[in-house]
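Only one chain is shown below, in structure tokens, and it's the form predicted on its own.
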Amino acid sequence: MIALVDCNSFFCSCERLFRPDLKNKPVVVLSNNDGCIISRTQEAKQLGLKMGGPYFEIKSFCRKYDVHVFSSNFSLYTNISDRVMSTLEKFSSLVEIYSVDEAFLDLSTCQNDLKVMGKKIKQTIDQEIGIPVGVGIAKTKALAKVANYLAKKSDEVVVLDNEEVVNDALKLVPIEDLWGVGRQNQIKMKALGIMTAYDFKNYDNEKHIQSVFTKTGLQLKKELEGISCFSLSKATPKKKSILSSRSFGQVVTSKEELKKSIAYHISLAAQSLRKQNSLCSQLYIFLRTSYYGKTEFHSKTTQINFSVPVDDTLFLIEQGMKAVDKIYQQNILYKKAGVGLEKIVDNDSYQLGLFDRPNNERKTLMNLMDQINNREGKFTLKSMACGVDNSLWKMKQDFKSPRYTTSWNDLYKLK
């Protein structure tokens, strides 16, 4: 049996951890640059606030109904997520972290009653961390997702352990809410008369399913039938490309400020590259204006290929600065910049050429930078190319909470 543990309104729950006064009050968390809603509590949902709703459109509404608004605080959320996942490892030797707020657990060797085990998982995470979770248990990943969907609606542990219970559960899940069914596929399914997960499970033309929804669609159907097609894996799949980008809090025209921004994004991307023990052979840079600006939209991209794959932040920044020189234009109101690392290979499997020589000194420096930044906080140690004052292009975060668990200066103080 497989359990899916999913944190309820995770980003909002993290904010509530250190703000007990917000219990039972509407809370929303906004995306980068305070753009739109990416997390909301049940109270906010009941007020009619939608996921993805632009903040500028609902600002007065939030003020009127006393909705508590937070800018995204990903260093806090990631740290709390790590604590949740570490706690889950007490209950299973195989935990697959599916996203920042959910994980699959292998309970095939569980000797206890599954519902009792699910309640114990909920209670332990609530007591040790303070994050509410939903727990759904079933035979396959897709059915565990269905069980979790129902669990979060009832605040109870849901176990789907026989066909009758499974069928009753599938009838309650609209096809648009079924795991793995995207917007385009739900339109196709409804055209075929498939309105619920139960309809999908009982659609009798498997060849048609595979031709319309590919092999993955057929595998999803079989999972609903109780046939496992998506196995659990503890290993986190490595990214085949790494992107770091962000819209500016205000327009930027200065080449120097754009270079600082690009150096910042390269630093983030390179650290992610090293974290998964990989190298890249291609760097691309882009600069663009706002889609909604008063002037004509402008976008420029360039890429640089390397004969030898690298993970060196300083080398990549050097190449990035040359790229900015190449595509920068004066008097352009830039609103977004970013970088991408492509042609990624595994560091362990890459074979040096006959005349290649590894730069062990720089590799030691990169490892040291990563260790210090992981321990003391992001960008404690950085290239001066990132600049000191990033006020012109830094992200807009008017409602950001303290980094309670990742900064000495932001430790919670008892009143």
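On a predicted model such as this, the values are computed, not experimentally measured, just so you know. Heads up, when I say rigid core I mean the largest set of C-alphas that superpose within 1.5 Å between the two forms. In case it trips you up, residue 1 is the first one in the sequence shown, and so on.
Same protein, other form: the form predicted together with the DNA, not shown, and the subject of what follows.
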Where, among 81-89, 163-171, 111-119, 335-343, do residues come within 4.5 Å of the DNA in the predicted bound form by heavy atom distance? 335-343
I'd like to know if residue 372 sits close to the DNA in the predicted bound form, meaning any non-hydrogen atom pair within 4.5 angstroms. no
Does any part of residue 242 reach within 4.5 Å of the DNA in the predicted bound form? Heavy atoms only, please. yes
Partner proximity in the predicted bound form: residue 66 to the DNA, non-hydrogen atom cutoff 4.5 Å: no
Can any non-hydrogen atom of residue 281 be found within 4.5 angstroms of the DNA in the predicted bound form? no
42, 383, 32, 347 - the one with a heavy atom within 4.5 Å of the DNA in the predicted bound form: 32
Picking from 328, 315, 98, 306, the single residue whose non-hydrogen atoms come within 4.5 angstroms of the DNA in the predicted bound form is 98
For 50-68: residues with a non-hydrogen atom within 4.5 angstroms of the DNA in the predicted bound form? 54, 56, 57, 59
Using the rigid core as the reference frame, would you say residue 173 shifts its C-alpha by 2 Å or more between this form and the one not shown? no
Inspect the rigid-core superposition and answer whether the C-alpha of residue 252 shifts by 2 angstroms or more between this form and the one not shown. yes
For residue 335, is the CA shift between this form and the one not shown at least 2 Å following rigid-core superposition? yes
